[in-house]
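Only one chain is given next, in structure tokens, and it is the form predicted alone.
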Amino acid sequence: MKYLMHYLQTDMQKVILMGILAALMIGLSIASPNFLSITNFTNVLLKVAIIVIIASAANLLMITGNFDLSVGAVLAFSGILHAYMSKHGVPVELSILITLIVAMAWGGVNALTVSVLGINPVIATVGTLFIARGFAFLIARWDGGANIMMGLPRDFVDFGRDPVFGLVPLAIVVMVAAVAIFIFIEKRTALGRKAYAIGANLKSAKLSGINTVGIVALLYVLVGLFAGLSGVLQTSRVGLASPTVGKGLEFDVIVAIILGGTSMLGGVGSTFGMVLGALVVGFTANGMVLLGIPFYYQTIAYGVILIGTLLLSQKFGTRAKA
């Protein structure tokens, strides 16, 4: 009965989010004549796409009761690494492949420290954040500057800028694909069922024979992979690699996930809810920019949203303990 009530509460949270999203879009369409333009919607979706791509994997990780604060730094490192290799003679396709493998290795480091060594996810992934960010600065320095922009091959930007079928930016297509993949995983696969079981009751999951270490480790690797892919997409699209990009992205991801109804304690959540949360965050930020709200007020508003999501998590994200 307790779990039934919890799921009903989570579904109600999604309904509330859809209502908020509808109210935002109606209000902003009235307040700003530029809001309903195709250009504005494309820009919002491109920004939201990076959050959703990463959060698709990070959401399932949080359902197990774990999370990753290093995603922004891994994104920055991946963008810098890809640009550096492409600039210095590595074919773009091979550079992308190598970058994704290295990004998965960052996820593997998190998997080792959290799943195998038992270090608290906050401490472990913040450590990875600093290390990855530091290597990003180091690679930029090897190249001789604060970022990498000059000397990139002509086909470097093709991956991020060429629209699919001449219509839709690749980042948006990847976002839709990531959402579809993880909805399928959570609804139809053993990986999804085991992730929910681990988050709901870790001890029971172990006793039932689930390889809890392996499942959590795999999810950390997937989060690293999607953070790396996002770094490649972002860098290719803007034609610039900077070690400072992605700062605060980890909080965008966490806010989208929690706002979407996933509990920080694990056991409950959904990809669809996360997408709703990301859209609310994305359109809220876009609205503040269109209305000319100064940056410092935007920062205050973002802090309010973050605290609000944590309160929502406490209200809707409680679960039974083992």
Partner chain sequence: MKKLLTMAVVATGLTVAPALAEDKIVLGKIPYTLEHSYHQSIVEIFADHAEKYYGAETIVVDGQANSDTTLTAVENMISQGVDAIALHSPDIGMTATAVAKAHAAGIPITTTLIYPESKNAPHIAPQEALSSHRMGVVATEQWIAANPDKPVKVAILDFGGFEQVVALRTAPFVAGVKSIAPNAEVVAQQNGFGNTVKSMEIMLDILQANPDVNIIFGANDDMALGALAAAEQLGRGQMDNGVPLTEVIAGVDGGENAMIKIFDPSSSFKLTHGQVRDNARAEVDTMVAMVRGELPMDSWMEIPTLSQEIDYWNTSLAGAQRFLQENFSFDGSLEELLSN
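Residue numbers count along the first chain shown, from 1. On a predicted model such as this, the values are computed, not experimentally measured, just so you know.
Not on display, but discussed next: the form predicted together with its partner chain.
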Contact test in the predicted complex: residue 234 vs its partner chain, heavy atoms, 4.5 Å: yes
Residue 34, heavy atom within 4.5 angstroms of its partner chain in the predicted complex: yes
Contact label in the predicted complex: residue 238 to its partner chain, heavy atom within 4.5 Å: yes
Proximity of residue 29 to its partner chain in the predicted complex, heavy atoms at 4.5 Å: no
Partner-proximal stretch of 95-103, 220-228, 133-141, 77-85 relative to its partner chain in the predicted complex, 4.5 angstroms, heavy atom: 133-141
Residues of stretch 39-59 in contact with its partner chain in the predicted complex (4.5 Å, non-hydrogen atom): 39, 40, 43, 46, 47
